[in-house]
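Only one chain is included here, represented as structure tokens and corresponding to the form predicted on its own.
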């Protein structure tokens, strides 16, 4: 490897920063430059909502002290990239200055979707992805009497919580029959839909945005739905998904489809040019249960770790492993491991579903025709990632998983041991060669002698 080479990384999100950190761990001599116009320092994007609600300051979202970057000789440049000259290996900033590189990594993330709705460019209409979006939302929500959110994904529920926290009435438009129904099975979707409405959020299912109306001064005054209803509002949040942030690379020699097209080593069609994170699009799915574009924090981190190996002399294909993700729907935590589609054919999987009488806690396990675990959803309590990663990789039977469920429990001390009820429900439905935990909740807290 050339000790004098320069690796330029465009984008300082989780993918780009993980890549820079892991390159430096493995190579002390290579020059590394991180460029981003969004912010100089890496921050936790998922924490933006807490800044808006006043729970944190923006600087609290930065996982590393400012001196970390200099200490590790990772140069930071706060600039937007306007274009790249791949033949000359040069990137041009919006300021007009240029920077040459030996190897280039594109990690520019995503931007909120806009689907050409009339009025989508009005003041008071925006998405939520970047630091600039947060600052704009703080400005756009001053003196707002009502807000409308369009799109029922994870960003949508975050925005709804942010607005509701500031006591701004929210109408939430979701085109599916249930909240996040394109991802969650029917029962889980209904559980979350009920929970959203309990927080006084006006959830409108099977409802789509048609147009956004102007107040005559370039600001939003109302929206119109596909049911012909007009809803007055001064703020519209567009949260109908995100798309790769790669427009500045189109009409160049780089192969760009929805995202920058890459192979399993994150290589593009141009030598010494790579792409990772939300903006990368695999030619072939990295696994049967994965999409060509992976727009999740965890996968961005894994992309960075994998490419760092290749760029430090150990050519490595991306191996995504068992799928996992986590989120929070207001105050209900959610985790998923393995494959749990929104819908499946009756004979494709065996499904075990348990829901607590509070309608705030639920557990689903899917098994194949042989009774082996393929995936899990859980809501309202925590289960260990390592446990289910091992169980799914080793194809444990459903009975084995349930019998060992106490070892998967990850809730803090004094939380109700929901796994006991889950074990009893599974035993009743499927049977199994194990005995569920018999201790009472009080005994569980204070010992078997109680």
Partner chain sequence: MKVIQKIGLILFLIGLGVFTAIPFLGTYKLSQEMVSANTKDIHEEKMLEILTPIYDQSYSSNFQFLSEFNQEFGTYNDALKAEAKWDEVIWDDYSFSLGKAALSSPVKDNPWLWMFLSIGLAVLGGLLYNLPKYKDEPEGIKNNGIFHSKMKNRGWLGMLTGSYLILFYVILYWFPAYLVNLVAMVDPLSMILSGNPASQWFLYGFVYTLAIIVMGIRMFRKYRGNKYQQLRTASVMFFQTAFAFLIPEILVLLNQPYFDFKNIWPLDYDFFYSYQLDSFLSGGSVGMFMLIWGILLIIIGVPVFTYFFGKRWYCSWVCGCGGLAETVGDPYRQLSDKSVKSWKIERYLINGVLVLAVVMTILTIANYFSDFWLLGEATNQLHSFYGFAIGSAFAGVVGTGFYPFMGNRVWCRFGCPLAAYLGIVQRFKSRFRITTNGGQCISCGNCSTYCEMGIDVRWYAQRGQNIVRSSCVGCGVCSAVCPRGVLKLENGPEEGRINELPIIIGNDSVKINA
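Note that the coordinates shown come from a computational prediction; the quantities given were computed from them, not determined experimentally. Residue numbers count along the first chain shown, from 1.
The same protein also exists as the form predicted in complex with the partner chain; that form is not shown, yet it is the one meant from here on.
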## Note on the structure
Contact with the partner chain in the predicted bound form, heavy atom within 4.5 Å, among 184, 302, 170, 293 goes to 302
### Contacting member of 320, 153, 338, 119, with respect to the partner chain in the predicted bound form [4.5 Å, heavy atom]
320
### Task
Would you mind picking out the stretch of 48 to 56, 28 to 36, 419 to 427, 395 to 403 that comes within 4.5 angstroms of the partner chain in the predicted bound form, counting non-hydrogen atoms?
48 to 56
### Query
Does the 4.5 Å heavy atom contact test between residue 202 and the partner chain in the predicted bound form come out positive?
no
### residue 306 within 4.5 Å of the partner chain in the predicted bound form, heavy atoms
yes
### Query
Is residue 64 one of the residues lying within 4.5 Å of the partner chain in the predicted bound form, judged by heavy atom distances?
yes
### Message
Just checking whether residue 135 would be counted as a contact of the partner chain in the predicted bound form - the rule being heavy atoms within 4.5 angstroms.
### Response
no
### Query
Is every one of 21, 198 and 384 in contact with the partner chain in the predicted bound form, taking contact as a heavy atom within 4.5 Å?
yes
#### Entry: Interface residues of 157 to 180 toward the partner chain, as seen in the predicted bound form [heavy atoms, 4.5 Å]
158, 165
